[in-house]
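Shown next as structure tokens: one chain only, the form predicted on its own.
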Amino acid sequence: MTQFTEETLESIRNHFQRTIPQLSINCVIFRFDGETLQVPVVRFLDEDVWNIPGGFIYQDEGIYEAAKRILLEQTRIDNLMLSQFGTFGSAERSVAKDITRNPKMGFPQDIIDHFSQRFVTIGYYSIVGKEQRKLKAGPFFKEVKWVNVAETEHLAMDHPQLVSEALLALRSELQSRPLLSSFMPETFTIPELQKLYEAILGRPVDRGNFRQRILKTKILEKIGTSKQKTGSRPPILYKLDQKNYLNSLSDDVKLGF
């Protein structure tokens, strides 16, 4: 007994016919909430399986356009610059076990067979700012939510590996691309910036060493003190000096922490 109407099932079959066989896309989107690095994950219908947002590529669209469409459809996140971080095509790469484990999905056998094929997937990653909090699940998805990167080891298929590889790409490009501009608000303190670096690097950074080296780069511009009431001196606020920041990327500055 299926939970879907014939009209819905026919729409799914037509969708499959429009797509490139056995090729998919997955998107890892990072956000820093002030303490931890997070990514959105989606839950398909009523199954108790969480995935990185992903889907199939239409025959008449480019892979970059497909990635943006899939991300919008499944999370309502839009207008991001996406970067490829890898292609994943293990011979054992299939969602068949997850489908078999969840018979309550109620799909006809032909649709199950399509989902159960081996798919090679192209991985994209991007960044949203802290203010991007509202996620909305698209059709056929029960829920979408932010989870900490450290909590993604239980995702379906090889999606934990996708998150790990995207994080490696993020770390390697931290000093060659203007990623801080996407993560941080317009103004911030040095301790807040240090927390971002620690979240991305996955390890603590010495406070004094970080402050000394980050100020030495001259990528920060002091703009005043915070108006928040604290028991001690108000923290100093900074913003990125965009010219110096971009120069530091091209000059191959090594922070060394």
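None of these values were measured; they are calculated from a predicted model. Note that residue numbering begins at 1 and tracks the sequence as displayed.
Below, we turn to the form predicted together with a further copy of the same chain, even though it does not appear here.
- At least one heavy atom of G62 is located within 4.5 Å of a further copy of the same chain in the model of the complex.
- Contact check for G138: no non-hydrogen atom falls within 4.5 Å of a further copy of the same chain in the model of the complex.
- Taking non-hydrogen atoms only, V120 approaches a further copy of the same chain to within 4.5 angstroms in the model of the complex.
- Among residues of the shown chain, T187 is not one whose heavy atoms approach a further copy of the same chain to within 4.5 Å in the model of the complex.
- Listed residues L240, L9, L23, L237 were compared with a further copy of the same chain in the model of the complex; L23 is the one with a heavy atom within 4.5 Å.
- For the options I29, A199, V49, I57, the residue carrying a heavy atom within 4.5 angstroms of a further copy of the same chain in the model of the complex is I57.
- With a further copy of the same chain omitted here, the record of contacts in the model of the complex names 81 to 89 of 67 to 75, 81 to 89, 107 to 115, 144 to 152, defined by a heavy atom within 4.5 Å.
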